[in-house]
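The form predicted on its own is given below as one chain in structure tokens.
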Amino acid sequence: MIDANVQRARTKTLTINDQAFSARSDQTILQVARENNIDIPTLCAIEGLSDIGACRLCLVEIAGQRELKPACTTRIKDGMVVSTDTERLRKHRKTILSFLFAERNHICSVCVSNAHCELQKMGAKVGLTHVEVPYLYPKLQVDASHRRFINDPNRCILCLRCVRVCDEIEGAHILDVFARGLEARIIAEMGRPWGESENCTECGKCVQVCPTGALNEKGLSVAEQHKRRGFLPYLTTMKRGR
């Protein structure tokens, strides 16, 4: 049994949006916020996978600190005062989303994930009505060599959910990131066509966690491209229990 004094030592108190909360010392701001139904926008964070702070949408303001901090990777501290919804943060999130929309070819009307896309929903959620930076419209090669799945890097936001689920949950780790900047894209097996991979288990977990139409299933209509993610928390719990 854990000693009561040790248990108290592991508990910290903080304030989020003028409300006081107690939480475990190993929790992040995002975890505490979600447990208490406080919404913090994210695209790369998903329950069941490690947090990497890639999308920067979950940045929050912490009293006494000039820089914004990612809620998904920042551990709580005793007495921390956090704001998750300020004018500065709302402006920042619109800017980040503008960059994401402009960097690749996110034309919703011709996308297989139209109406199922997290990027699309996030744009509506934060009130993004237009993109203020020039569209880049890259022409990255689509990999349709897999018998079941398609990898379209033109719709990828590099959240790395697919890389993490393939490594952390499936244990195959055939997906990775190649190149940098505008040329950065997800590759399989060190750059060989996905369909020639000898280690892909065809589990489809990468497709299910993809927030956009970058990874999608062949043979399904737009209305059928609904992502199923209920398996993630369950598989994570089972893996930790081994």
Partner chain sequence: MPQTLEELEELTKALQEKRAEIKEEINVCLGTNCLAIGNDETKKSLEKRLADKPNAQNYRIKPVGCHGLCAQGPLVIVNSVANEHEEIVYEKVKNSDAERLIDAIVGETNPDTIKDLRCETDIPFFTKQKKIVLENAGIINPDSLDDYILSNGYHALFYALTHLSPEETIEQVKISALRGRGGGGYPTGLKWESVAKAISDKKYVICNGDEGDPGAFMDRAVMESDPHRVLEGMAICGYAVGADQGFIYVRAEYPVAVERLKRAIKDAERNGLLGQKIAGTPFSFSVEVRLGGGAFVCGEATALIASIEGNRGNPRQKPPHLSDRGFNGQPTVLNNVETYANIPPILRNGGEWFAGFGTEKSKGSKVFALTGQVKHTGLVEVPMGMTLRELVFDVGGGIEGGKEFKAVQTGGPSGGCIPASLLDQPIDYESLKEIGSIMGSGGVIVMDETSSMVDVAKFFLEFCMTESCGKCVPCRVGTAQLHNLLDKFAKKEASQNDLVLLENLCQMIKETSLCGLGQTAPNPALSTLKYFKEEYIAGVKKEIE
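Residue numbers count along the first chain shown, from 1. No experiment lies behind these values; they were computed from the predicted model shown.
From this point on, the text means the form predicted together with its partner chain, which you will not see here.
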Consider residue 102 of the chain shown here, and say whether it contacts its partner chain in the model of the complex, taking contact as heavy atoms within 4.5 Å.
yes
Quick check on residue 127: any heavy atom within 4.5 Å of its partner chain in the model of the complex?
no
With the partner left out here, check for me: in the model of the complex, does some heavy atom of residue 181 sit within 4.5 Å of its partner chain?
yes
May I ask you to check whether residue 177 falls inside a 4.5 Å heavy atom distance of its partner chain in the model of the complex?
yes
With its partner chain left out of view, choose which of 76, 172, 117, 157 has a non-hydrogen atom within 4.5 angstroms of it in the model of the complex.
157
Only one of 188, 55, 209, 29 has a non-hydrogen atom within 4.5 angstroms of its partner chain in the model of the complex; which is it?
55
In the model of the complex, which of the stretches 210-218, 34-42, 193-201, 55-63 has residues with heavy atoms within 4.5 Å of its partner chain?
55-63
Would you say all of 205, 229 and 232 touch its partner chain in the model of the complex, counting a heavy atom within 4.5 Å as a touch?
no
Restricting to 127-157, the residues within 4.5 Å of its partner chain in the model of the complex through any heavy atom are 132, 133, 134, 136, 157
